[in-house]
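Below you will find one chain, with nothing else, as structure tokens; this is the form predicted on its own, and questions on how it binds or moves follow later.
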């Protein structure tokens, strides 16, 4: 699994992705870690099929005892079906997840992990001097859903918003936005069910200073491509399975 450091100034952001040994037929995913001093949080740490590769990659950058927290943006298996294994590896960790999915996530082999449910309006987590914000993204595409914003690094981990379906050896960052649209359009129109929820999210996110938008699938957006994405998504009709 490839590791890319996308921020390093006082604390670090890592993305773990582009696994050449990924099982064929399973969508490629981006997993993230934020490390601040002696604490780290794993963001959408992935499905059960990538657990071994993820654990190996993560331990190059943080000790087991430093990984104090996990975050699951929603209940999908590609995000958190590895929970039971992380619980065994990190018995003292706390999972932050929408309150709506707390009992559902226990189905992924979890028995004892401490869960700190996130209220609908969002919240924060402090890792030393770093404060991360849980930004509501309900119905995009899960009915209980959050993104993670780091105001110091100006990074928004945006879950399925911004996701693209493409080859697992794709570059880490978007290099031609217009060309990239074809890889995003169907995903957003089919998986995002609510234009009203989309506009609510866009209104929230436009108030943030974002240098990098980091989705769970495909390439990351940086610089002017962040605003290009927001403009494109704002104009895109979604929920197209309903005639």
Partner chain sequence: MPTAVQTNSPENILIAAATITSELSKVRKIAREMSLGVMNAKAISSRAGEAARGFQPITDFIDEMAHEVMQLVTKISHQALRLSRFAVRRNHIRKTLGIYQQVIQKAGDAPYSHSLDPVIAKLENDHVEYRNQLISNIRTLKSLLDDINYSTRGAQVISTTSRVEASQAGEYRKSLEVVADNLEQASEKIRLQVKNSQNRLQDVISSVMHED
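Numbering follows the first chain given and starts at 1. Bear in mind the structure is a predicted one, so any value in this text is a computation, not a measurement.
Omitted here: the form predicted in complex with its partner chain. The next part is about that form.
Does the 4.5 Å heavy atom contact test between residue 21 and its partner chain in the predicted complex come out positive? Yes, residue 21 lies within 4.5 Å of its partner chain in the predicted complex.
Verify the contact flag for residue 199: yes if a non-hydrogen atom of it lies within 4.5 Å of a non-hydrogen atom of its partner chain in the predicted complex, no if not. No, no contact at 4.5 Å.
Within 4.5 Å, heavy atoms only: does residue 109 come near its partner chain in the predicted complex? Output for residue 109 is yes: heavy atoms within 4.5 Å of its partner chain.
Taking heavy atoms and a 4.5 Å cut-off, does residue 51 contact its partner chain in the predicted complex? Residue 51: yes, in contact with its partner chain in the predicted complex.
For the spot marked by 62, 65 and 88, is every residue within 4.5 Å of its partner chain in the predicted complex through some heavy atom? Yes, the whole candidate spot contacts its partner chain.
Identify which of 55, 192, 36, 210 has a heavy atom within 4.5 Å of its partner chain in the predicted complex; exactly one of them does. Contact residue from the list: 55.
Tell me, which of 84, 117, 123, 168 has a heavy atom within 4.5 angstroms of its partner chain in the predicted complex? Of the candidates 84, 117, 123, 168, 84 is the one lying within 4.5 Å of its partner chain in the predicted complex.
To test your reading of this chain, name the stretch in 88-96, 151-159, 123-131, 137-145 whose heavy atoms come within 4.5 Å of its partner chain in the predicted complex. Answer to the contact question: 88-96.
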